[in-house]
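As a starting point, one isolated chain is supplied in structure tokens, in the form predicted alone.
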Amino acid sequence: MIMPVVIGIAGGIGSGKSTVAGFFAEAGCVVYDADKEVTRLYTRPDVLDQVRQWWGEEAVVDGELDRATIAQIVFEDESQRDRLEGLLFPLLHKRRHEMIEDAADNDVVAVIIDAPLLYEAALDEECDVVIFVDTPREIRLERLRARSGWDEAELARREKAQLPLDAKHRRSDYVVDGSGSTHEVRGRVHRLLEEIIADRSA
């Protein structure tokens, strides 16, 4: 059994990390989407039961965790955030491990870890290589303004809570340009995958 290369994706907010992950999926890779996996956990009966015990019925709405309530609780009390992470992180780790094993069984060449806080959550330690999606700030801001109505101040505020971009860039093994047309970025990603596989085989 040949294990797939595990590739993490890092970059600034709005850099296009999930778009890049999607292009890897087009090339036959398996993608672990952290946001989707957390959303899935937020509907699991065992997770819901535990959260009800901690924070009451108001933390669960229509069969899933109420994100606004949970966010307020963990924002105001770091110990509660640690408690929630202690519940979710082992389940997420197990899911990543299962996906990698399934990929190996099916001869998939790579598993992509698409997580908003790859370095901050130490997920880079589970990766063989990390790609930094390098997209100019003005393009990222334009995307975020269109998508979420953010302005420069909001982007700066959000980025302040994350590892600085130059540190993410420095710690990454490969860089892909996230600007340009969809066609251009897709081509870069597919070529980069070939390069990574070749480097791993050398």
Ligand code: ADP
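Because the structure is a prediction, the values reported are computed rather than measured. Quick note: we count residues from 1 along the sequence shown, nothing fancier.
Only in words, not in the display: the form predicted together with the ligand, which the text now covers.
Site residues 4, 97 and 106 are none of them in contact with the ligand in the predicted bound form, judged by any heavy atom within 4.5 Å. Residues of just one listed stretch (24-32, 39-47, 62-70, 172-180) have heavy atoms within 4.5 Å of the ligand in the predicted bound form: 172-180. A residue is said to contact a partner when one of its heavy atoms sits within 4.5 Å of a partner heavy atom; residue 147 meets this definition for the ligand in the predicted bound form. Though the partner is left out of this view, residue 185 does reach within 4.5 Å of the ligand in the predicted bound form, counting heavy atoms only.
Contact annotation: residue 13 falls within 4.5 Å of the ligand in the predicted bound form, judged by heavy atom distances.
When contacts are judged by a 4.5 Å heavy atom cut-off, residue 168 does not count as touching the ligand in the predicted bound form. Contacts with the ligand in the predicted bound form, taken as any heavy atom within 4.5 Å, map within 18-38 to 18, 19.
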